[in-house]
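Take a look at this single chain in structure tokens; it is the form predicted alone.
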Amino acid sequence: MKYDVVVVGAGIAGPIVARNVAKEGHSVLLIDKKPAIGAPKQCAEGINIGVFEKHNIPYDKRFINREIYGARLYSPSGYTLEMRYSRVSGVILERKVFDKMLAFYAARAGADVLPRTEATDVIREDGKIIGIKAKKEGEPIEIRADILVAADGVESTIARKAGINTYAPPHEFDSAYEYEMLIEGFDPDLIHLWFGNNVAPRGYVWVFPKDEDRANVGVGINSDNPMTAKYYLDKWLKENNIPFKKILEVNVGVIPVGGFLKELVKNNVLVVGDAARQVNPMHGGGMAEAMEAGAIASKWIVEALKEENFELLKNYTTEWWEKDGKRLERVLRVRKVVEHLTDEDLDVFIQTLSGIDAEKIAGGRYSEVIKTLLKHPKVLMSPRRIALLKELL
């Protein structure tokens, strides 16, 4: 078996790369170790509506569970901050269908797709990587390729085998635990987020509605916490008198929120998505970031194949860091400061901010919001809060 490009991993980034490269007439193989692409999911399934047009993905009701019109944030003492739009601002996906459809779009563009095929190693010849070893439904196979794409998740086998340093200490990851369950009493047109050091250390509890009375209800916390994410989620359900006897699904996952790989390309191997830790460190979402990285990577793969010059692949690293890397590093800086906020600080900030301020935060315009906060009397009374906020300017 020989291809121009082999993509390992059919989450979000992998199928985007496979589709874009195959569309340009190159031979592409997309493999995934799961027997059913998209399952099990490890995701809260919320995404901004803008990604569909940006990445040429059909707005297909088969994988859109619910359209969302904004968000409501809750402070530790119960103060709320709401952003509500008159238009659809995001959607809650059905990832099991969405991921499979992304693989379908790649297949329709010309890529071959093999589920239940697990990459186990790279093949080297004269010191150069020329393909992968894999197990297809348990049977060993070898696949040769000019370019490999490691889109195989946080513990990327291919990146590691290719000699790319993907190590990060446990503190740089979050642990997430989620129930898809029956739940009532929450506006199903909004996503809901609860903050607080006793609610979700370094993270938040979320309710992402999938129906009038069904939602993804989960929590993300720092992975080196002595207690588990499940402990915090069950505690929150109990404290809010939410019965958890009607659970339809349990999902667990690890989220890389502590920084990004500096080296995204090594010779003819590229790393994208969670494998490259391309995740928003503030909210832990990675789908939009994976799509963007996949689009940039595929552009340079096509150029490298067209020019028969694999040195061009390095431009993926350069362009990603210029476009997304710098922005996400600023977000990471904010996240590290937010880690030091007390519950009282969170109460004050949520009381003080307006929906427009929250919209600016969601759009990454942190400095505008910080300047507003620094003028507020409740902030000016606290030298510690002033010092924390000034760190971000």
Partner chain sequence: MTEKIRIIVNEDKCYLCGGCAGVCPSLAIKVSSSKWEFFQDKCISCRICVTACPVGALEAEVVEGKT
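Numbering follows the first chain given and starts at 1. All figures in this text were calculated on a predicted structure; none of them were measured in a lab.
Note that the form predicted together with its partner chain isn't included here; everything after this is about it.
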**Asked** So in the predicted bound form, does Pro58 come within 4.5 Å of its partner chain, heavy atom to heavy atom?
**Response** no
**Message:** Would you classify Gly50 as touching its partner chain in the predicted bound form, given a 4.5 Å non-hydrogen atom cut-off?
**Reply:** no
**Message:** I'd like to know whether Glu155 contacts its partner chain in the predicted bound form, with contact meaning heavy atoms within 4.5 angstroms.
**Reply:** yes
**Prompt:** Quick one: is Lys230 in contact with its partner chain in the predicted bound form, heavy atoms, 4.5 Å cut-off?
**Reply:** yes
**Asked** Looking at its partner chain in the predicted bound form, do all three of Lys34, Lys161 and Ser223 come within 4.5 Å of it through at least one heavy atom?
**Response** yes
**Candidate stretches 203-211, 312-320, 169-177, 189-197 - the one whose heavy atoms come within 4.5 Å of its partner chain in the predicted bound form** = 169-177
**Request:** Go through Thr342, Gln351, Gln42, Ser367 and name the one with a heavy atom inside 4.5 Å of its partner chain in the predicted bound form.
**Result:** Gln42
**Prompt:** Which listed residue (Glu292, Glu118, Glu94, Asp146) meets the criterion of a heavy atom within 4.5 Å of its partner chain in the predicted bound form?
**Reply:** Glu118
**Request:** Heavy atoms within 4.5 Å of its partner chain in the predicted bound form is the criterion; list the residues of 231-261 that meet it.
**Result:** Val250, Val252, Gly253, Val254
